[in-house]
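Coming up is one lone chain in structure tokens, specifically the form predicted on its own.
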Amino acid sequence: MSDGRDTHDFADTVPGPETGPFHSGFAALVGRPNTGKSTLVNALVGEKVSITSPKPQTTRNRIAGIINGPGCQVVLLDLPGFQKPRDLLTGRMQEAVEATLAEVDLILFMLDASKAIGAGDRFVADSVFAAGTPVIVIVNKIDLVGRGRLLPQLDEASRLGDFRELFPVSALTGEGLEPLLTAIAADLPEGPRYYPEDMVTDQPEAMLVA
């Protein structure tokens, strides 16, 4: 990333030997608009591969961020923000999101720690936990709240459905990202390398420049 903050190559923390079974798979990031999905993808990949903006719905297409670690490859799918369709565009975007949930190996369900869990989050949770795909819950933006406010948020998040693990993180500062990435890699099945080892995204160069 190029915003001047201290960055870390989280790919170096992915567990797995150079020899032995190779683990790989696709993990879809879903959540209400503006929960920080694109920021998380960029932080874990170590490069800006997904658009970030304070404006909701900046991400309108599925974007893959690729993490190559020892013995594994994690493909993060940054999906458009999950919401009830209100027009043709959001309806098509929502169809794409829901179709992806049943195809991936893991769902990363993101919540915003700075906002109360509401009807919108529960709407997302209903689809996430009905998909039959393993789920990791991520409560992002913990840098914006104190411990006294965070703990009730984590407790409420834990009641949304049946999940593998729950991680409080800050995609902006990097707090909590190493154990999160370790858990993501551990939940992926044995599989092939889907992308060349030097690739960090499936987006064309022109899209990244734009």
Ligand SMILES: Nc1nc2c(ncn2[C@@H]2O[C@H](COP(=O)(O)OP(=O)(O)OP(=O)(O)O)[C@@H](O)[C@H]2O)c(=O)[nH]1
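Just count from 1 along the sequence shown to find any residue number. In this text, all values refer to a predicted model and were calculated from it rather than measured experimentally.
Below, we refer to the form predicted together with the named molecule, which is not included among the displayed structures.
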Quiz item: Just one of Gln153, Ser170, Asn68, Thr182 has a heavy atom within 4.5 Å of the named molecule in the predicted complex. Which one?
Solution: Ser170
Quiz item: Can Gln73 be called a contact residue for the named molecule in the predicted complex at 4.5 Å between heavy atoms?
Solution: no
Exercise. Using a 4.5 Å heavy atom cut-off, state whether Gly161 contacts the named molecule in the predicted complex.
Key: no
Quiz item: Is Pro33 one of the residues lying within 4.5 Å of the named molecule in the predicted complex, judged by heavy atom distances?
Solution: yes
Practice problem: Kindly indicate whether Thr39, Asn140 and Leu144 are, all three, within 4.5 angstroms of the named molecule in the predicted complex, using heavy atoms. | Solution: yes
